[in-house]
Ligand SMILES: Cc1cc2nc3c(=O)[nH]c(=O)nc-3n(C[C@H](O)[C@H](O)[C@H](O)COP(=O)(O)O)c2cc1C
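In the block that follows, a single chain appears as structure tokens, in the form predicted alone.
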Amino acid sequence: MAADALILGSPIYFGNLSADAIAFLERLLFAPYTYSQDNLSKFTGHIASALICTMNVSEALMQQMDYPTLMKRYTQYMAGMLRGPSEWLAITDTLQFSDYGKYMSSIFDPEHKARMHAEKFPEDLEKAKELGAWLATRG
């Protein structure tokens, strides 16, 4: 709770954060929680936070499946309980395997995944760098 900033990264599995990420947030955010109307948390500090989610789906499918609402909900919890600003970043259409031929993965086009990785990964890294800079100015 003495941190200047918190970055939580999680893949999206079955439409939600990973079980480990959810368990971490539950333990972090619930520990100082109170049942008081005037003060929901004993935590008095301010921690800026960010959520970075990776997923196999395209940007369009992410929107269709309403994942932004999911990520906004978690960042609202983080902002509310950590009393600081919170942002999210989605990394879509990720490269899951270096060799798709080794896995039962016929729903994916390996050439498309490799192309998207080559085109998008540098952009995604830049977005993550910008998010880190945003956190550094708010921590």
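Just count from 1 along the sequence shown to find any residue number. What you see is a predicted model, and the numbers here were worked out from it, not measured in a lab.
Beyond what is shown, the protein has a form predicted in complex with this ligand; the following relates to that form.
From the list 38 to 46, 91 to 99, 24 to 32, 78 to 86, the contact stretch for this ligand in the model of the complex under a 4.5 Å heavy atom rule is 91 to 99. Interface residue remark: Phe121 is not counted as part of the site for this ligand in the model of the complex, having no heavy atom within 4.5 Å.
With a 4.5 Å cutoff on heavy atoms, Asn56 counts as touching this ligand in the model of the complex. Although the partner is absent from this view, Ile12 contacts this ligand in the model of the complex, with a non-hydrogen atom inside 4.5 angstroms. Contact annotation for Tyr67: at least one heavy atom lies within 4.5 Å of this ligand in the model of the complex.
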